[in-house]
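Shown here is one chain on its own, the form predicted alone, set out as structure tokens.
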Amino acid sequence: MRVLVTGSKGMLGTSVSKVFKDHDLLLTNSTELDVRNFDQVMSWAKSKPNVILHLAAETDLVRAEFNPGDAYMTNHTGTLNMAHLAETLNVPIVYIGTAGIFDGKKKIYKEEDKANPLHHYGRSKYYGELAVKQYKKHYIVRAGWAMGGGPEVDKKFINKIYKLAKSGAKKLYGINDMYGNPTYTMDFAMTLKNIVEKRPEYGTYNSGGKGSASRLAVLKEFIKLLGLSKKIEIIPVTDKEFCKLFPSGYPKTGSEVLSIKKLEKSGLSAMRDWQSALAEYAKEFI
């Protein structure tokens, strides 16, 4: 199968390149395929892919909040362009969604729950969902809190913890009232592979790691895996307390926990419990 992959140099893209290695991969970065550039996007029609994995996105919440135009151009307009390419080729497109489209008022979210994003990142990604839904042959696969790619690629929570620990931090603050699904990109990539190979019913699927966790729980577990529990003091704080210490510049949600029951019933989920996945991923930092 010939697979066109946008954003192949990112956290998920590096995992996809490994997991999909038995397929003919067209791996692109933002220079080779700028999803915001309609003409450049359509020029890839000549490559005749059998499926499109649209991974390219603006995922930095702070940058999205202070440069919303760029976020919407990438996450909405870029997705609209890629959906148009897929429709022109009459091939399926897989769009990576996010739990960040929800407002956090529920403890756990199903696929059909109403979106109510609180920040530009979540809103731009939700508009991306609406864009891709205009084309019948689509899969929207939502992820939770991403971890993957290792120290050189990971831009999220795990690598931020690692950098602080490596710099000699003696204490770290863990938020105890924010919850999500830590989502290992290798497991997520394998789930995507199962979807594009088995072709279940088109539509939306949640695919976070099994089990929910607070930021505090993830912090404690990772520090323990690094063997630093006795060297670093972990201080529990609420999100409100954390924001007073370290202002973020964007509103946060109390819960981004996704139910993955629909995907599990399909038999295509490769998602493990987050502790097992984190234990495997932590080996890249030791």
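From a predicted model like this one, the values you see are computed outputs, not experimental measurements. Numbering starts at 1 and follows the sequence shown.
Another form exists, predicted in complex with a small molecule; not displayed. Remarks below refer to it.
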- State yes only if every one of L216, S229 and F285 has a non-hydrogen atom within 4.5 Å of the small molecule in the model of the complex; otherwise state no. no
- The one residue among D239, E221, D34, E65 placing a heavy atom within 4.5 Å of the small molecule in the model of the complex is D34
- Partner-free chain; cross-checking the small molecule in the model of the complex, the single residue of V132, A189, A143, A71 with a heavy atom within 4.5 Å is A143
- Message: Quick check for you: of 167-175, 152-160, 83-91, 110-118, which stretch puts a non-hydrogen atom within 4.5 Å of the small molecule in the model of the complex?
- Response: 152-160
- Query: According to a 4.5 angstroms non-hydrogen atom cut-off, is I195 in contact with the small molecule in the model of the complex?
  - Reply: no
- Within a 4.5 Å heavy atom cut-off, is K9 in contact with the small molecule in the model of the complex? yes
- Item | is_contact(T98, the small molecule) in the model of the complex, heavy atom dist at most 4.5 Å | yes
- Query: Does T253 make contact with the small molecule in the model of the complex, using a 4.5 Å heavy atom cut-off?
  - Reply: no
